[in-house]
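Single chain ahead, written as structure tokens, the form predicted on its own.
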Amino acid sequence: MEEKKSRSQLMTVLKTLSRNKMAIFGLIILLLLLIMGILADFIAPYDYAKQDLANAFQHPNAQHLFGTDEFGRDIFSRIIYGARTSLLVGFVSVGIAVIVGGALGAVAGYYGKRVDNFIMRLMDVLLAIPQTLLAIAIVAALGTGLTNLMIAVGISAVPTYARIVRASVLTIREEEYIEAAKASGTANIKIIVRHILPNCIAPVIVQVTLGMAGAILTAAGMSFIGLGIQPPNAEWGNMLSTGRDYIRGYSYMTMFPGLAIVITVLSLNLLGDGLRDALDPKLRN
């Protein structure tokens, strides 16, 4: 019975989402970017790191669709490989934030009192620091590189997910089935994992899509200032940073990486808005 109810709710959400043309558009763009990133080795016409100084600063043409940079590297190929890097940062950093923040929020909301007070005051301290500034501080301590960048962006987003999960847990823990589980002697950790967290998924899913957009922007911004992924690795932020020195004569060097960031963030935001409408019964048509 419970399985049929869950399946019915899922079908209702998918049906509502399918009617949102902008959300479907965002989903299609995101899927295309994912495919492009996964199959970058087969799609990219050139090696993203291969230098060809004789063909440096070529404007977009038939051989190089997006032109070449100051080292003669194909910008189109670097954009394709940059999709893999940016989406990887988005997925992994948000995954870190969801796991750590979700666990802290669930514990704080379920146990309450001193545990809740301690965890949430710690989250308040982190929230008092702008997310990008906190990520910069963490990278400055750990060092630059892809792994450290994902850790920094993930940790900086932990308070957001902790507060979302805590708010849901505070409501759910008062439900009768939770009281019944407690009365039957079910362990607290089992109640949290089996009964509470599954009912917190809806707001978390929406925040994940929007949070990925923020994570990609944060990572690009940090690479832009030299604290993220370093050249010759292909990443949209460091491509923008390199291209700004030549923006007057070779504007395409910044235009294409910038458009890639805009399109990716826009697709995630459109999908996030659509999921919010589909998962909230009050907003369903």
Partner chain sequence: MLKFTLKRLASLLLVLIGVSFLVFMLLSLTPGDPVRMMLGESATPEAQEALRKEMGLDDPLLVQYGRYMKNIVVHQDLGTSYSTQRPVLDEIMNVFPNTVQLAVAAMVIAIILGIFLGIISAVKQNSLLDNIVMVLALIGTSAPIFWIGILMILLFSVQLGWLPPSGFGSFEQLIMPAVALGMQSTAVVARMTRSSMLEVIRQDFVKTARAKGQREIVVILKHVFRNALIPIITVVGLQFGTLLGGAMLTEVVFSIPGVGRLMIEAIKQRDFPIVQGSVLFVAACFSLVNLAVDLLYAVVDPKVSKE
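Residue numbers count along the first chain shown, from 1. Only a predicted model underlies this, so the values are computations on that prediction, with no experimental measurement involved.
Beyond the structure shown, there is the form predicted together with the partner chain, which is absent from this document and is the topic of what follows.
Taken together, the three residues Gly26, Leu87 and Ala202 all stay farther than 4.5 Å from the partner chain in the predicted complex, as judged by their closest heavy atom. The partner is absent here, but in the predicted complex a heavy atom of Ala137, alone among Ala167, Leu146, Val92, Ala137, sits within 4.5 Å of the partner chain. Within 4.5 Å of some heavy atom of the partner chain in the predicted complex lies at least one heavy atom of Gly221. Among heavy atoms of Gly258, some come within 4.5 Å of the partner chain in the predicted complex.
Taking non-hydrogen atoms only, Ser18 never approaches the partner chain to within 4.5 angstroms in the predicted complex.
Among residues of the shown chain, Thr254 is one whose heavy atoms approach the partner chain to within 4.5 Å in the predicted complex. Judged by heavy atoms within 4.5 Å of the partner chain in the predicted complex, the contact stretch among the candidates 31-39, 44-52, 224-232, 65-73 is 224-232. The partner is not shown here, but in the predicted complex the stretch 105-137 reaches within 4.5 angstroms of the partner chain through a heavy atom at Asp124, Val125, Leu126, Leu127, Ala128, Ile129, Pro130, Thr132, Leu133, Ile136, Ala137.
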